[in-house]
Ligand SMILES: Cc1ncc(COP(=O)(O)O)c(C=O)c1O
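The data below hold one chain only, encoded as structure tokens and taken in the form predicted on its own.
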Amino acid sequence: MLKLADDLNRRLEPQERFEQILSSAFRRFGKAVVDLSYANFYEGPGKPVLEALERAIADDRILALQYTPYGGRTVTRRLIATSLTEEYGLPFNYQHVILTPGATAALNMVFRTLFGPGEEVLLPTPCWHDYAVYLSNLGISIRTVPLAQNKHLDLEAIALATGPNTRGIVLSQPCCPTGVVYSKNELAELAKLLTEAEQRFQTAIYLVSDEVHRHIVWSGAEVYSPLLSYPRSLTIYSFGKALFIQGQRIGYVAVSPQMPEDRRLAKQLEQCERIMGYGAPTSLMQRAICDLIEYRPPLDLLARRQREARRKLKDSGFELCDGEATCFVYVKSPMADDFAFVERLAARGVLVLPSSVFLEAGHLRVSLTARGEAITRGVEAMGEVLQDARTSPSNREACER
């Protein structure tokens, strides 16, 4: 029987509590449920993605679908390295790129390779929920650092949290769940802060930049990668996320070519892929993405949905985070207990994620990936629950707490 440590159970609890709400809603409402919780794109991938998958399946060359080296096919890695060089202006080569079955495997590989028990990693929060789960599972200490009120980096708080045991910081750019795009200036200040901490404590500090949403920028904002400011950085990417085929699990980790130990670390990541036993992506997806590395799905529909949903939520009286990317809207819960609001909304057949899942209480994450009419119904239901909370004496008391 699998026995989980108390800390790991505590990390899993919010997500599992929400899963119970989700299951109950689907049992009660069935197909009528409006699911604005998880980022499953109901319109599916674009035609170029489906055609690339078909070509990969139809490839009848000898060994087309057989084993590939640890780290991935050299051809695919070279194409990605070339694309990264063009996008970042840094001299990537194929050895800097380690292919993985999505971002989740990449994060586990990176955490296992970089950090050990007793060492500490900083997590600016709110953050993607499973960073803490993976780190806790490996016995790595976590120090959460709340973001500033506008959900940008609180550099002063990060500086105060950085100490002699600090070995890394993990952030997403653009940020999940808030949709905030961190600016060039604040990332440059973060790089300066980490460099000074390395010198002061005589230790290496790694910055893990989860960039799975860097091409889902509906506002047109420029996304600046931390790799351009801080040499000891790695980037995580998911083609599944970017191409709206999340279930196909294909992505990579890329080591900054400016890192002093870049080749050694890249080799260690390849070895970790073997040691883990589940870190290698399928040959099929490695071939398919060769045709899709430069493809960017149109974001016009997402942009319209973002602007319309944000307008309606504000008109209903919600306070919103000023996000510019991702398919999410990060909303302040009108009730201090975000789970309580989520449960009342689920009773109407509408699902959104409570921010407690993301290591911050008091907010909601709304995913705009359902069909248009479902999003409209969901946003309207959120407004109705907000008005109920404001007019009912018992609910009003809960809102004021």
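Start at 1 with the first residue shown and count on from there. In this text the structure is predicted, and so the values were computed from the model without any measurement.
Beyond what is shown, the protein has a form predicted together with the ligand; the following relates to that form.
When the ligand is considered in the predicted bound form, only one residue from T178, T235, S238, T76 comes within 4.5 Å through any heavy atom, namely S238.
Among R305, R112, H152, R249, the residue placing a heavy atom within 4.5 Å of the ligand in the predicted bound form is R249. In summary, the region of this chain contacting the ligand in the predicted bound form, judged by heavy atoms within 4.5 Å and restricted to 225-233, 123-131, 316-324, 291-299, corresponds to 123-131. Interface membership of T104, defined by any non-hydrogen atom within 4.5 Å of the ligand in the predicted bound form, is confirmed. Within this chain, A266 is remote from the site of the ligand in the predicted bound form, having no heavy atom within 4.5 Å. For the chain shown alone, E273 is not a contact residue for the ligand in the predicted bound form, no non-hydrogen atom being within 4.5 angstroms. In the predicted bound form, S209 stays away from the ligand, with no heavy atom inside 4.5 Å.
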